[in-house]
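As a starting point, one isolated chain is supplied in structure tokens, in the form predicted on its own.
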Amino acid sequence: MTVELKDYWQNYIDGKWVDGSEGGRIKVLNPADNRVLTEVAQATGDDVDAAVAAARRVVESRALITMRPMDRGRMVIDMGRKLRERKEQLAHLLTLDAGKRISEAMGELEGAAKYFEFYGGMADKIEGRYIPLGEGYVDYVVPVPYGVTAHIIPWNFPNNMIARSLAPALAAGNAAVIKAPELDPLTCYVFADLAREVGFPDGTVNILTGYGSEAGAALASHSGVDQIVFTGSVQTGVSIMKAAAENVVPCVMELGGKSPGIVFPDADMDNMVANMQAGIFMNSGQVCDAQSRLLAHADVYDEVIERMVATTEALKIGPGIEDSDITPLISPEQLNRVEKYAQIGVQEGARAVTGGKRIEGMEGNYMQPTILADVTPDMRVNHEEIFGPVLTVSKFETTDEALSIANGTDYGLAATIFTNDLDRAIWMTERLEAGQVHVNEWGVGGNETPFGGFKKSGIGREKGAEALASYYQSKNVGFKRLTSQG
């Protein structure tokens, strides 16, 4: 199934498709050839004002909070069902828009549908509690949605990131304003259609596309916003948190990582190679918890490099629509950044055992899948996020040294241990500074498991039951009886 591209896409505010307040447009490019796919309306601060006002009207009407939670949950579940029905068509659009391989686009949309099913099923599980204070008193706690939630969405998994925050926000009874990424916003608009089709009131879900410095900044600093969810760089996250602090608004932040895969001599090498390949080359390395560092024990260091080079050089490079293993990076700017980091690694003394440069002679933003060996802890490529298909390899002699290298960055999003020694695995999991620690498989978990980082990888958790608590707050109600019964 193919999808017909419209020439122009509008923003969605208060149940209506509208142009940007200043009439501006943003060109959306196909990363596979950098040709213009279409244009979208450019949201400004005035558009953010209108969207927040629409969401506020829904909150003040109490239409969502007075709805029976089971009914609200059923609507959220229906959004997931309707999204799954459109999965194939949307996957083609996402592949053109974001550049990713078609099978990964299908997987992203399937995962997005699951978020609505998971959180829709939890809407009627949000409960208060009774607190006994003794004779003559009644005291209880009521869960209350924050109100207007702001969702500032990254470009690497736009549908997945919207779903994992919008689904729990709606399940808890909030209204949402979503700032879609300007680089690949096209499939994001479907969530407006889904919300309308299942019966949410106009203004419950508002979707804007604009530049981060304009629409994103306006949304983050808006006094009408009650909670913010953001995924992106540390630098942008800090700016958003500063803006949120001015309005004393709570934030959930997922700010990237520099996640290690740690290989011990007793590891299943075939399993390790398969998981490291997926961990660093999925979405061409444009993944927050990508396994961008490989730490190999000295006894298997040369074997690990040899195996990883062989599997890397066998990867198919090309457009996502052909389901290639390595697809284009999102933009020319991102390609420049990634290639620059590969060159920095070599300048610092690392060995480019394969790759290291952009692919010449191909239209689009193609980077060679790259492995940098002999990387030491002090190198920039060891502790700065590259966000592309670049794997660094470092050697360690002891378990303590492996732990030191793994924990030796400002990030703490994820880590994977490859070993068949249960005691060693447990020892490592207890000491690794990461929000997700996997053993023998990258990315163990799913929609049901909490996701978030330690240190500069973020604040709060998304996914799982734990994340739902980020979308409501507690109100304590206490009574003193003034009359006695008897």
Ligand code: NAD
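Quantities reported herein were computed from a predicted structural model and do not represent experimental measurements. Residue numbers run from 1 along the displayed sequence.
The form predicted together with ligand NAD is left out here; the points below concern that form.
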- Specify the contacting stretch among 130-138, 391-399, 161-169, 302-310, defined as having any heavy atom within 4.5 Å of ligand NAD in the predicted complex. 161-169
- Message: in the predicted complex, is there a heavy atom of ligand NAD that lies within 4.5 Å of any heavy atom of Ala123, even though the partner is absent here?
- Response: no
- Taking the shortest heavy atom distance, is Ile207 within 4.5 Å of ligand NAD in the predicted complex? no
- Query: Is Gly320 a contact residue for ligand NAD in the predicted complex, using a 4.5 Å heavy atom cut-off?
  - Reply: no
- Does ligand NAD get within 4.5 angstroms of any non-hydrogen atom of Glu104 in the predicted complex? no
- Query: Among Phe387, Tyr146, Phe118, Phe281, which has at least one heavy atom within 4.5 Å of ligand NAD in the predicted complex?
  - Reply: Phe387
- Of these, Gly224, Pro265, Gly212, Gly408, which has a heavy atom no more than 4.5 Å from ligand NAD in the predicted complex? Gly212
- Is ligand NAD in the predicted complex near all of Arg72, Leu194 and Phe200, within 4.5 Å of a heavy atom of each? no
- Would you give me the residues of 429-456 that have any heavy atom within 4.5 Å of ligand NAD in the predicted complex, in order from first to last? Phe451
